[in-house]
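Alright, here's a single protein chain in two forms, structure 1 and structure 2, each given by itself as structure tokens.
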Structure 1
């Protein structure tokens, strides 16, 4: 009896499914996701999703964000990818700009407009935020103990002499998340002051890694002590047992990690289901797993989180200091990356030498004050902090034109080639750092 009922119900369901929109709720086939997320995250979602939708085979292709964007661009003519899934909102902006995404409005209810000061979803619906992340400082407690270092709290702490040669970051041109950190400091403190902070911290860098993952990796293994990272790297390392700690500085941004459906997705129905799934309570809970540790965008999910899990919806101080302006960030995106590379990444030796000399002179002056030396030292600091371009110039389309992805038309004249601009900046930094070092050494001589 019950079997017949079941059969009838099943038949009805099939009928319903094939005749109405309900079909979308029971998708099947292959679903191809290109993602920059680590296996810990993707396989947890993969398992949960396959359990809920056994007819869909989820195929996850790992590529770093830049390679993923390039892959989608190169394969657009005959697209075989359904979803693009990555942290950096700007990667999605690039795809959106290239008309490679398609709009979808998730069916899930209860997700707020904003997390921190940042909108969760793209206003045009081309991509949706599914998790949030903030930026902060992680450190290895064994390393700190062995080197007798205090725990840092704010970005400016990292500029202190005690941290010389102990800090690491990944290059913003290589890591979308680091770019946001740098931009956050620039927006939080203003262009001139922000760069000063960035360069003072940079003077203490041990290394600048090529991959964003290189930073937590190095802190975990203890090859350097302190890293500037996106929160989940630190939180998941900690949850996995590494002796690391993490703090959000006051000036931080909480930014959504996103998912978007690729234009001409071969399996659109399944792609939509997947987006709805990861936003559903069930999907959001996956984010709490120890190896993942991202902040859910659904405020209700925090009820199930372990104690002391950061909650940007409740702890309003998180990310509230900075009213992150996406427009401003977008306008100078490539310029900021190129400036960081030319002034810091590729001139690190010069910058560190100048910083070391300044630290030494500073220490000597503390013991034996000397006005002339003090003035020299201030000059040295200004030389390090000096920027070859102003905030206005950085946002000028003429300058960023040298860095843009494609020329609009042959008549769009670009005043200078990228390589020329870069060489100019590099020379500026090199000369300034050398001069700063000299001044600091003079100051030290006077203070002795």
Structure 2
């Protein structure tokens, strides 16, 4: 009897010790996350995580990607953030290069090393992929029918005259996902051709929104017909019953959306637990919710997805045409954003006027060929496509280092060096678009 009691007492002691250890390891306290993701995604994970770990209070600070990076840079000396959570891998490379992240190897198993040709996790463990994302074109099918517009398939389709004033995008300087889209086209087609494509499409823009979710909202409502978006915006709109369709152009890439623990995180234990949670089967299934509709990085999760759900682990054609180089993107990140703003965002009226004149001359030439008019039209197109810097110059640290302040408008105050470069680019674009419009109008006169 005494031996039995002794054995029971020993077993209880072991159980109590293990329970105490588990209790001690259970995370608690405030967990601060800086993220660019919309509330639909963050609130779903917040509810699921806090249900699993009720002692943790998750505080979400929403910033666009660029603003989030700058926030962490500015608060590094007195950091109060535990996690950075965003789509753009090059933003994480910026933080990694500034020594603002700390390594962590997730405990979750079953996640491949790559999605397509792209590594899911940072090889040094500074950030981890939790969802895959592709970039493409969404459209409102009712709008397209009402305006007799064909469904686009490739980026180049959006430059066609039929889409004039029907396309929208968000500014890459205000949206990390749009930056990735622009950079994907530049890497997929090359610097010169890629910018030509981007500017020819831009000539057909109806608007450029400040935040990325402004584009799917506009397509869903029929404010404009076509949007350049990250895939989950279209997939979640479809799941919510909006009459939208989506296509991945040939030149696209599938890259992971990421999460990283900030250096000197106040609540490192809770941060590690959150990373493991979003990679767990329970966390990955959250991505399938109708309001989220992102691509899980755990292939097993797709067994619970709808039948027509994109699966980059089975459809190897997705992103196969672009071997996205995050180091190239990171080196010219600020330059690409500034070029887009100075050549497109802040010069949109002039670009659209030149594009409209080119479309009109092109239509006239189709009816009445004229060699001189054809040559003038080619010159007009080249003027629109011309770039003030080369790819090599864009990656030069001396140039990229000039862009230290994020612009929200053309009138924002910026450092003198940045202002000088931007003014030069803006003048270049303004002059070229005016000259292009003039040549296109001359071509039109000759073709009449």
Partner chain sequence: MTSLALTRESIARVRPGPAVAAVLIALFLLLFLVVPVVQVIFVAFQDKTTGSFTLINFVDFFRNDLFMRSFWNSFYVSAMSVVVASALALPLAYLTTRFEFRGAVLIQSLGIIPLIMPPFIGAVAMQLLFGRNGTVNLLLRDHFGISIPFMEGLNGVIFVQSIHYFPFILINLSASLKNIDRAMEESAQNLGCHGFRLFRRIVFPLAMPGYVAGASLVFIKVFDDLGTPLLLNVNDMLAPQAYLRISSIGIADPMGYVISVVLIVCSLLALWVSALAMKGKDYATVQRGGGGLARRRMKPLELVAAYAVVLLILVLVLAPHIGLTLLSFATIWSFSPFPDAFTMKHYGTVFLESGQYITNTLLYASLAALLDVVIGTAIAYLVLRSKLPGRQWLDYIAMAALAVPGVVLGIGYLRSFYDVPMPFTGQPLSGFWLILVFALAIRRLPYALRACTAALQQVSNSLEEAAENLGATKLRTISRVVVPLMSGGILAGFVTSFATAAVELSATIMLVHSQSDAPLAYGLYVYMQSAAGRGPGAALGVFAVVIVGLGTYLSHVIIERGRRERGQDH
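No experiment lies behind these values; they were computed from the predicted model shown. Rigid core (definition): largest C-alpha set, two forms, superposition within 1.5 Å. Positions refer to the first chain, counted from 1.
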Between structures 1 and 2, the form predicted in complex with the partner chain is number 1
Treating the chain as two rigid parts, how far in degrees does the smaller one rotate relative to the larger between structure 1 and structure 2? 10
Could you state, for a rigid core superposition, the Cα shift of residue 55 between structure 1 and structure 2 in Å? 4.4
Would you mind giving the Cα movement of residue 34 between structure 1 and structure 2 in Å, after fitting on the rigid core? 3.6
